[in-house]
Every structure is written in C-alpha cells, then in structure tokens.
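A lone chain, given as structure tokens: the form predicted on its own.
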C-alpha cells in the first residue's frame, strides 16, 4: 500500500520506512504538495497526529499516516511534551535548533535529581473518512547531564537508555527502530495494517 506521511522531515521517513515493509511511504512533496503544512494546536500527541493525518487525507484522498512525538520529562510534569519541537521558541522568537533546545532543557533541569523521561509517539492512520486507527507508544529513559552520541536527531543525545547503556544518539538505526517510541508504534501499526489487508 502507498502511504502518505504528513511530514516534511526526512528523518521520520528514514525511521518509519523499515517499519512498514511492503508499503511505499511518501511525503506530501512527493505527490505534488511541497507546501503542505498544518498548525499543530492540539493538547495531546494523539490530537496533533489526527490533525495532520486528517489534513493530508482531506487534501489528497489517499491513505494518510501522521505522527506526533515529543519528550516528556517526569520532573517537569511531562513537559516539553507536545511543544518539544518548539521548546524555548515561544513569544515569536526564532525556532531553536536541536543543539540549542537540548542545552536549554539540560540547563532548566540542572537541579533535578529525578531524571526520568520518556519519548512518546502517537501514530494516526486514516484509510478513509470512517476508518481511523491510532496507536501511542513510549521509550522510557533517563535525562543525561550532557549530550552523548552523534546519531539520531532532536533530543536523542540527551536521553540515556539504561538497559542498553547508551544514549539514543549512540544507537544504530536497527537498535533505534527496535526500542524507540516511533519504532514500537510503527511496528504495531504495521501489524494492524497486515491484519486489515488480510481481512476479507
């Protein structure tokens, strides 16, 4: 099946692609909509994923997949959460890059002994107006006190996975797909798709 993914972020397709064997994932730009952009004004990951998937489906009429993800820090009450990509960029200031966001978050968490955190990913799939499927998964870890690793993107260098003794940025792509929030959600969604395609 061809799935349109509601993102302009090439990193997301790199991570999602291997999770959906037998399916062709494309961005809006690949099907003639390079300016696709949606205001993500939901208050939860699920709401934002649905906003994006619905907007893309309304535009194209094709099966549409969207994710919303972020980092939830326990001692911050789940923040930055759905605002993860915009963390530190409020009040009309320029959007911070990943290095700046990570540095700001670590600075704001300097005094926290509780370093528990989790990546969260919600996936929304719309096959038609009445067939909508949602999955949310997590990747729990601990907030580091300084970045580690050169791989991944976003907050990956500052999240440590004790069971692997690595930061997320130190994982290979295969390792990351196996344990990450997006990997877990993607595999479950792929299983659901396989069931749907096998059903009479």
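Here the structure is a predicted model, which is why all the values come from computation and not from measurement. Positions refer to the first chain, counted from 1.
Although it is not shown, the form predicted in complex with a further copy of the same chain is what the next lines describe.
Of the residues given (170, 142, 137, 40), 137 alone sits with a heavy atom within 4.5 Å of a further copy of the same chain in the predicted bound form. The contact with a further copy of the same chain in the predicted bound form, taken as any heavy atom within 4.5 Å, belongs to 188 out of 23, 12, 176, 188. Site residues 50, 192 and 196 are all in contact with a further copy of the same chain in the predicted bound form, judged by any heavy atom within 4.5 Å.
Within this chain, residue 132 lines the site of a further copy of the same chain in the predicted bound form, having a heavy atom no more than 4.5 Å away.
In the predicted bound form, residue 45 approaches a further copy of the same chain with a heavy atom inside 4.5 Å. Contact check for residue 82: no non-hydrogen atom falls within 4.5 Å of a further copy of the same chain in the predicted bound form. Contact check for residue 54: a heavy atom falls within 4.5 Å of a further copy of the same chain in the predicted bound form. Residues are counted as partner-facing when one of their heavy atoms sits within 4.5 Å of a further copy of the same chain in the predicted bound form; in 106-126 only 120 qualifies.
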